[in-house]
Each structure stands twice: as C-alpha cells, then as structure tokens.
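Here's a solo chain for you in structure tokens, the form predicted alone.
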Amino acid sequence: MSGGRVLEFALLGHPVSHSLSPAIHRAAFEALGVEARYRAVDVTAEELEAAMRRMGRCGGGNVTLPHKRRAAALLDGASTRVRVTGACNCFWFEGERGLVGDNTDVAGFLQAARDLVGKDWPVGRVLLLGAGGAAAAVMAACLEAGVGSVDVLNRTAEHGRSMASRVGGPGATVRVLEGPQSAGEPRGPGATPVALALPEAGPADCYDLVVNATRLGLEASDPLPLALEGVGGAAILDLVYAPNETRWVHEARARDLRAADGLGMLVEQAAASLACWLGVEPPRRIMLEAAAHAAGRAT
C-alpha cells in the first residue's frame, strides 16, 4: 500500500515509554497491509521542531505531553481544531504547505462521547473537570457538536476562565464554576492531589455528561476526580485509563451510571491520525483490541 517505501511515524513527548500508541498503530499498519514503523521518541522542547520536520518527511507522527502547545506553534499549516485549542497532537508533510497538523483529540472525544451516550449525543449540559490541553479538546468538541452548554470546574478558576475564553470565544455557552476549595491538581512537588468539588449552589444533577480531563486517577492513591453523590443520571467519561478501568468508572457503574474510561478516546484519536496520514478507513476494532492487550486489559 505504501508503494515499496517504508513509512516512519513517531510519538514525540517526554516521557513516552509508557505509551500504548506504538502497539495501537503497529496493529493498524499490519491490518491495513501498510509497510510502516511507529516508535515512541523522547524529545525535549528544544528538539521538538527538528524531530517533527524529520518525521513529517518520513510519514508523520503524534505529539503528546508536554509538547502539544509548542507543536501547534511550529506548524506551517494548522487545522481549525489546532487554532481553536492551541494544541497539535498529529502532524505530517503536505506538499507545498509544508508541516501541517491537526488536533485529533477533538475527533477522539467526539466518538468516545457518541459511543457512551448514544442517540442522546449531543447532550444538553456537560460538566468538564480540568482546564489543561485535554480539557481544551473536550470543550472544542462539545461546542463543535452543538452541546447546549459546558460548565468548567478547575482547581484554579482563573485557568478555567482563560481556557474558556480561548476555546469558547465570545458568546459561547460556557460557564466557569467557582469551587468551594482549591482542587484537582497538586500545587507543587510532593503535594497531595485533592478532589474537585462543586459549589454548593450548583448541584450536579442538572448535567447529562460529566468528563474528567484532569490527571486524577493516574495514580492508585489519587482521590476520585469528583464525588458522584448528586450527579443524578449523568453519564461519566473519564479520560484517564487503567488496566481494569479507573476507580471513578467502577464507582459510577456501581451507581448504575453509564461510564467509560479514556481507552476508547485514545484509540479514536489514533484512528483519526491514521486517516490524516493515509486517507484510509482505520481498523478500529483491531486497534481497540491492541490497546486493551497493551494496557493489560482482558478483551
């Protein structure tokens, strides 16, 4: 399919050794009959541009933390989703346009939300936890899909307002909540992460979907991102994933709530990347099986 040329792709970030992306893409290339390699490459911020341009000429690649915002600034041509979110996680070379990129996290979230919510997507009201790069992609996806409104709850309300202004733009149906305590992310090295909490005047039972876009749940000792008391029948989407799903997802299911972790979104953003690079229909089922196996999850 690649005409005798072996294509080269890479995931660029720091650190990247834990990533499931190589396993996902290698399975996809094999299923598609594409002669291609995909590897994880640890790069510094100073090394990023050279690495993107080198890999872009060989096939393309992905960018992960902490380089997504820097990657967006290095592109010769950026998609609308990159411009809206200020982040790029997928890049390739495109003729005279040079180094171009997209934010496939947006497409990844859209499909993950559809898979979880079903025919009710887009929903009326979303509660979004966090204000980092993942949260920006979620907000952009929600507004693009026509979600009625998005409430943002972040450890620092100021950061939430900054993201809402950047991604939502004027007139967007976005509100930043003032939580009763600083929460969500650790304040500094060695700090203990604490859960987010809704303001007392804002009960969560008015939401249709609650999304965790913080890092809470990456460590087994982390608290739940948000207590589930009072969320009513809201669906729960945790962008963090774990071998046996996250504790937040397990607790949501114990309350008979629809819930999913971030493995599906990871696969869907990878599928969107494949479409950007090769213009093909990705083998999603095979990619999901490869991701589950690499994560140590039974399929």
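Bear in mind that the values here come from a model prediction, so they are computed numbers and not experimental data. All residue numbers are counted from 1 along the displayed sequence.
Beyond the structure shown, there is the form predicted in complex with a small molecule, which is absent from this document and is the topic of what follows.
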Would residue 73 count as touching the small molecule in the model of the complex under a 4.5 Å heavy atom rule?
no
Can you tell me whether residue 168 touches the small molecule? I mean in the model of the complex, with a 4.5 angstroms heavy atom cut-off.
no
In the model of the complex, does residue 262 have a heavy atom within 4.5 Å of the small molecule?
yes
Although the small molecule is absent from this view, report whether residue 52 comes within 4.5 Å of it in the model of the complex, heavy atoms only.
no
Among 27-35, 250-258, 232-240, 41-49, which stretch sits within 4.5 Å of the small molecule in the model of the complex, heavy atoms only?
232-240
Quick one: of 162, 80, 156, 173, which gets a non-hydrogen atom within 4.5 angstroms of the small molecule in the model of the complex?
156
Quick one: of 135, 209, 150, 87, which gets a non-hydrogen atom within 4.5 angstroms of the small molecule in the model of the complex?
135
On the criterion of a non-hydrogen atom at 4.5 angstroms or closer, are 7, 56 and 67 all touching the small molecule in the model of the complex?
no
